[in-house]
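The chain that follows stands alone, in the form predicted alone, written as structure tokens.
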């Protein structure tokens, strides 16, 4: 039986993610844990998160999970979700600049306060609700139709340094990176556990992914 560890550092709806992963593949052992040895022994790792980046990074460093995630990123499939995706980058503009994990080179920036849609109507921040995802070829999009809608809740988004790291974009109103891929690391800004059928399909694809593109 394969296993997946969900990194528990005190931030994120871990029960919802665990339930979705178990539903996506009931043959996989799903573990919610902050134990480094358990995380490192798992076949795959999910790094979720909601909340403020400063709190996220402080919790990871206090628990020693920052180094664990660096090891995971080099050795096995890693899925970052929402704040977990952003924390993979070099630095975030949130909380007056916070140094992040620097696993993926790049910055996390805030949506502009004066965003407008094509009709001149103000767009709300945070970007919240269902939006289309336009992707490039990758195993985690298997059986997911192009431009499928996923569920988002966020005020910040990632700007990877290397253009080739972006594996999917969403419009709000301009295109921004909503998914990135770097070797055995895959990360999404949206919440697959809240995205119904397509979200479950992505989680199932991750649970079957060996980390190769």
Partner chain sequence: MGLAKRIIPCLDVDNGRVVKGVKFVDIRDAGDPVEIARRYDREGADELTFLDITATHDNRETIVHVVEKVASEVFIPLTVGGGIRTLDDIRRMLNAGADKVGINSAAVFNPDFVREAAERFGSQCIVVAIDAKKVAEQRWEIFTHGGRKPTGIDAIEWAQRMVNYGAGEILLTSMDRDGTREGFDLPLTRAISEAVSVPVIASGGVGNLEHLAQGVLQGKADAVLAASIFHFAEYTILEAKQAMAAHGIEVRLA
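Positions refer to the first chain, counted from 1. On a predicted model such as this, the values are computed, not experimentally measured, just so you know.
We do not show the form predicted together with the partner chain, though everything after this point is about it.
Colleague: Can you work out whether the partner chain is within 4.5 angstroms of a heavy atom in all three of 66, 98 and 183 in the model of the complex?
Modeller: Checked in the model of the complex: no contact with the partner chain for any of the three.
Colleague: Can you tell me whether residue 171 touches the partner chain? I mean in the model of the complex, with a 4.5 angstroms heavy atom cut-off.
Modeller: Yes - in the model of the complex, heavy atoms of residue 171 and the partner chain come within 4.5 Å of each other.
Colleague: Taking any heavy atom pair closer than or equal to 4.5 Å as contact, tell me whether residue 121 reaches the partner chain in the model of the complex.
Modeller: Although the partner chain is absent here, residue 121 would touch it in the model of the complex, with heavy atoms inside 4.5 Å.
Colleague: Looking in the model of the complex, any heavy atom of residue 115 within 4.5 Å of the partner chain?
Modeller: Result no; residue 115 lies far from the partner chain in the model of the complex.
Colleague: Taking the partner chain as it sits in the model of the complex, is residue 50 near enough to touch it, meaning that at least one heavy atom pair lies within 4.5 angstroms?
Modeller: Yes, contact at 4.5 Å.
Colleague: Within 4.5 Å of the partner chain in the model of the complex, counting heavy atoms only, one of 40 to 48, 145 to 153, 27 to 35, 56 to 64 shows up; tell me which.
Modeller: Only one stretch passes the 4.5 Å heavy-atom test: 145 to 153.
Colleague: Can you name the residues of 127 to 149 that have a non-hydrogen atom within 4.5 angstroms of the partner chain in the model of the complex?
Modeller: Heavy-atom contacts to the partner chain in the model of the complex: 127, 128, 129, 130, 131, 132, 134, 147, 149.
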